[in-house]
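As structure tokens, one chain now follows by itself in the form predicted on its own.
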């Protein structure tokens, strides 16, 4: 695999040696529109015929998270650690309970609440996390089709 300039630059700025495997892990995360588990990254790399072990993926992710190149996010629902490129933006997610897709919420709805709580309570807020659970449009359609197929058919009278 050809080494990618953005990934190489990102590693160099953080004082890390640019290796083919680090570059590959970063490239997979860069292409993903949502956070991924180490296992998902591993299988994506395997499908691209890149020789790497799952333990190596975990080690690379730990180093990248320690350098804040990637963010480690965990969903209360799944309990699995997930990773995404640190794009220096604050994000929250809608999480589908059907397919586990994570849809980013672009604008943080909690900023004004944080300020109000600090003013009212004297509490110093250092951060927050918001996950909203439900079903994406594809899963809702599938559930409606499944429900319609499972309902008993009545003969016309």
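The shown structure was predicted, so the numbers you read here are calculated from the model rather than taken from an experiment. Positions refer to the first chain, counted from 1.
The same protein also has a form predicted in complex with the DNA, omitted here; what follows describes it.
- Comparing 51-59, 108-116, 26-34, 125-133 against the DNA in the predicted bound form, the single stretch with non-hydrogen atoms within 4.5 angstroms of it is 51-59.
- A residue is said to contact a partner when one of its heavy atoms sits within 4.5 Å of a partner heavy atom; residue 13 fails this definition for the DNA in the predicted bound form, lying far away.
- In the predicted bound form, residue 21 approaches the DNA with a heavy atom inside 4.5 Å.
- The closest heavy atom approach of residue 17 to the DNA in the predicted bound form falls within 4.5 Å.
- Taking the partner from elsewhere, residue 86 is found to have every heavy atom lying beyond 4.5 Å of the DNA in the predicted bound form.
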